[in-house]
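Shown next as structure tokens: one chain only, the form predicted on its own.
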Amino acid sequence: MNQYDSIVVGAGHNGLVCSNYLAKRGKRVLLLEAGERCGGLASTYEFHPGFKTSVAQYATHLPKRIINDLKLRDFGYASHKLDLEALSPEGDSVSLRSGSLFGASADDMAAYQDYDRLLDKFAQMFQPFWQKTVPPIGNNSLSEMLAFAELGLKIRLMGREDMQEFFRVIALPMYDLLDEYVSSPLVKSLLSWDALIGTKQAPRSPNNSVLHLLYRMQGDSEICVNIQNLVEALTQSAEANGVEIRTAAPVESIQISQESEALAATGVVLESGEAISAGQVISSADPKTTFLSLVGSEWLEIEFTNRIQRIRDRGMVSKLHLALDGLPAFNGLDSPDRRLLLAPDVETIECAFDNAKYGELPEQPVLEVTTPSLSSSDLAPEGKHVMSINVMYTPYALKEGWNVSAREALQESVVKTLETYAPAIRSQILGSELLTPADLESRFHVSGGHWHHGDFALDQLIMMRPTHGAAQYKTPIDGLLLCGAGTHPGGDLTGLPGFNAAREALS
């Protein structure tokens, strides 16, 4: 008899969500985490004596359905909107707050209302689609055909003009779309950002960035800026539902049995040598780690293995964490209590992307800065603060390699850029931690150090995410499922891959 109905590998937010839903249905669930604590990239840890942080700091878009189903508010979960503000070196700024644009010209603010209204209409059309298993193409059952028909009907019901506009806009680069609406370079930079962050795209990249923005505009989601709060609420909810959680328990392999020609997952073997059996194994690890490391290509057909190997999953974002002696002061701001974008125009973003394409460090770094200790006081000693910086367009494979001099050069370049906007910042730095995409890969066991476990690109989305044969959470191996960010609908802290995978596991 199996020890458990399900073993979930990886206690990141998707693993926690999936485990929760399984346990709520009475399943015996074991959740295994290689690290010392739950959370994965969202786990909180000390990076300098007395100062704590996590790699994920704000990008949570948790649907209200998950929040309510798992009763996360009963376990201390609280959401809070974190506004986005773009700064210029001269001290000017424009911001997005409560669905409106501030600090721009009257023409740009009026045009933004039309722009936002259009994109919101498209985002609402897609919203239910993210919370469903996307059927494969071909040989579909009636229920699967109805799932496609639902999206087609939603598009049709928009009306002819909106439908035509949808198909035109969805393929546009963000640069061209914004050029139709606003004129300010700083406003264009601001409005392009959420379509780009965490991806391998730039403002002039075609076909993907608008769709990524629509994904982030899910209408019923709530943004949480206290990541530690979110992870703790998910963990406590899982334990209350009966999930057994074991940390510091890295999985070495997924056990596979073969009867006749059928393959089945029967459990896992930990690095300690302990074998644990289960009726099914659900992996929240990225697809390459799951299939090539935990399963092994000897159990997979060569064509499937080749498709997994071809997944583009090299990250382009580094993290710089700073321990500060006091609250940072930015030119023109009373408080840095929001997401601060340091990119004066889209050309700066595009040039940084061009550098990264060729394995080079950006000549002018593009930064997104938050001060998470303002909303989570336990991250730093009293009177001190933590600054968390997304350094966009830093390549996984640096041409010269991520040696000491390259790391020092990147950190110095980031600090010099910060000084343009916050002149006293250098004197406030008590300690730091730089994590390149290569560091994220080795430390958090994420192939390529990619936030989303794979590029958000048309050939790696929807019924093709992560690839044919594993895009509906189930895999070519019976009893082995996926529930991580490499599955539909994608990355960010939404919990939707875990939610959808649990439904498939229960079916």
Partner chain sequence: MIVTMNSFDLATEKPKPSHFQPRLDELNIKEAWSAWNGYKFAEYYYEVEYEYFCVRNLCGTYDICPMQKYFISGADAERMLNRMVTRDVTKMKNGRVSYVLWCTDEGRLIDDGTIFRLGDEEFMLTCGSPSTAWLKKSCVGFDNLTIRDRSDDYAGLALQGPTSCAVLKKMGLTGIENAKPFTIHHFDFGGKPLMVSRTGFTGDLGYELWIDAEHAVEMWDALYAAGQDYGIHPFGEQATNMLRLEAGFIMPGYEFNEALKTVHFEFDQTPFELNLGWMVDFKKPHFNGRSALVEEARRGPKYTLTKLDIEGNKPADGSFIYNSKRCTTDIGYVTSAMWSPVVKSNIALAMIETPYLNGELWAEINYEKELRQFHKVARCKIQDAPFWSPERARLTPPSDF
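Numbering follows the first chain given and starts at 1. Remember, predicted model here, so these are calculated numbers, not experimental data.
Omitted here: the form predicted in complex with its partner chain. The next part is about that form.
task = Work out which of the listed stretches, 432-440, 396-404, 277-285, 253-261, brings a heavy atom within 4.5 angstroms of its partner chain in the predicted bound form.
result = Heavy-atom contact with the partner occurs in 253-261.
query = Since exactly one of 247, 113, 306, 355 fits, which has a heavy atom within 4.5 Å of its partner chain in the predicted bound form?
reply = That would be 306.
task = Identify, from the list 129, 102, 75, 299, the residue with a heavy atom within 4.5 Å of its partner chain in the predicted bound form.
result = Flagged contact: 299.
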